[in-house]
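As structure tokens, one chain now follows by itself in the form predicted alone.
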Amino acid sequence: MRKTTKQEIVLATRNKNKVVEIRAMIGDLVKIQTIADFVKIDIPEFGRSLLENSFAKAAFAFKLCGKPTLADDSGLFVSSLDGEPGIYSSRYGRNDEERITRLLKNMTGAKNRKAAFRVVFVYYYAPGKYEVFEGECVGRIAGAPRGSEGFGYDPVFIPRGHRTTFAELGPATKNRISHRSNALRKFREYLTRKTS
């Protein structure tokens, strides 16, 4: 019986942490490459929404690589900050520590700690053809960073139903309940339908 060759998908990101998470969730279904395997550039984000940014990155990567691409844009939306940092989450500071420090400073005295991680994935598989997959994880912002695993805002985000941050829960639990896992679960179902 001939072995089925896995479909190749290029991830339009250079964020190694994201690549590890995505591989853990769909790596058994597809062969994953990254944009860094083709060119050494960062894809800029100029959109006004998560969808605009992820679509632009996916379409740009497809033109460069000529292969199906998967791009995402995600953000942390905090209720007491009118949705900030939102689509500017990765640009809220020069590194994770700066971003978290700024977030907590801006939330000083805030009684409403509600927040949500949101993500939009765009799978661009042929010229002008793409699919969109969205995910969300609601929770609250901790008073101070806790935990050493994860990345980004993980040390201050406590998902609903838990008392510990993403950085304390660890990757196995996070990959079951995160915004990214919710979106990628839908993507898995889509891929499975296409190949069955």
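Residue numbers run from 1 along the displayed sequence. Keep in mind that what you see is a predicted model, and the values were worked out from it rather than measured.
Missing here is the form predicted in complex with ligand IMP; even so, the following discussion is about that form.
Only one of 58 to 66, 125 to 133, 150 to 158, 29 to 37 places residue heavy atoms within 4.5 angstroms of ligand IMP in the model of the complex, namely 150 to 158. A residue is said to contact a partner when one of its heavy atoms sits within 4.5 Å of a partner heavy atom; S90 meets this definition for ligand IMP in the model of the complex. Taking the partner from the other structure, ligand IMP in the model of the complex has no heavy atom within 4.5 Å of any heavy atom of E168. Residue contact with ligand IMP in the model of the complex: R185 places no heavy atom within 4.5 Å of it. Using a 4.5 angstroms threshold between heavy atoms, E52 stays clear of ligand IMP in the model of the complex.
No residues of 127 to 147 lie near ligand IMP in the model of the complex, the criterion being any heavy atom within 4.5 Å.
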